[in-house]
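Consider the single chain below, provided in structure tokens and representing the form predicted on its own.
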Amino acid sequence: MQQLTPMDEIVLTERQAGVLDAVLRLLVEKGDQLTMTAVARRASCSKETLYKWFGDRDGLIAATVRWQASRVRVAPIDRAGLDGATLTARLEEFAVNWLTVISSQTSIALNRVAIGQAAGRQASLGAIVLENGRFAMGRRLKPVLEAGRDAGLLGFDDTEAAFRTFFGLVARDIQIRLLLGDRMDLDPETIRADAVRATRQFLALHGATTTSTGAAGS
């Protein structure tokens, strides 16, 4: 049995996770004014420990972004036995996790800081967010899309284009509205409904005939 498992996971001790929690809180409070000293003070640990665990400030922020992004998961799938129902469930699960993460206050704060830096000379955070956020999401889901194509459940020529289509159907204008301060009511029920809608729309565009029929009848 050949399985596909999520990529770009980050494994942390409880103490390290507490440090990254402190980073997220400080980013919400202070934005770009994040320092190793402030993190050490908030997390009640030494700067030496931070450097040992995460390297420099960019390494610490990269670990924080990866940890936040690791919450967007795809459960393992069996290539040999992949069917339409399983593929649909995995896509919906991914979309739910994705929307839950990007609508959190910490993700909104992180992205606002990254966008602010991108307009100036210090664009390192933007690059970190792109590499460990959006691009990592693509690396995580693309193998699932390709497995669906190999199983005859999906049809597309370019994996990146297919992923971007799914991304657009899931995110729509939600992220930009949140970044601009729109107080959207994204409760779990709304997020689940949006994930189901986006997945059905994606399957209508890229699903094989049997998949589209099954999704419509579910």
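For clarity, a rigid core is taken as the largest C-alpha set superposing within 1.5 Å between two forms. Computed from a prediction, not measured in an experiment: that's the story for all the values here. The first residue of the sequence shown is number 1, and the count goes up from there.
Separately, the form predicted together with the DNA exists; it is not shown, and the next lines address it.
Taking the partner from elsewhere, Glu29 is found to have every heavy atom lying beyond 4.5 Å of the DNA in the model of the complex. Within 4.5 Å of any heavy atom of the DNA in the model of the complex lies no heavy atom of Glu160. The DNA is not drawn, but in the model of the complex it has no heavy atom within 4.5 Å of Arg164. Taking the partner from elsewhere, Leu178 is found to have every heavy atom lying beyond 4.5 Å of the DNA in the model of the complex. With the partner removed from view, the residue among Glu48, Asp187, Asp173, Asp150 that has a non-hydrogen atom within 4.5 Å of the DNA in the model of the complex turns out to be Glu48. Against the DNA in the model of the complex, the set Leu34, Ser44 and Arg57 is in full contact: each member has a heavy atom within 4.5 Å. The chain is drawn here without the DNA; in the model of the complex, the stretch among 64-72, 48-56, 151-159, 187-195 whose residues come within 4.5 Å of it by any heavy atom is 48-56. If you take 76-102 and check each residue for a heavy atom within 4.5 Å of the DNA in the model of the complex, you get nothing at all.
For Leu153, a C-alpha deviation below 2 angstroms is recorded between this form and the one not shown after rigid-core alignment.
Shown in the overlay between this form and the one not shown, fitted on the rigid core, is a CA shift at Gln16 of 2 Å or greater.
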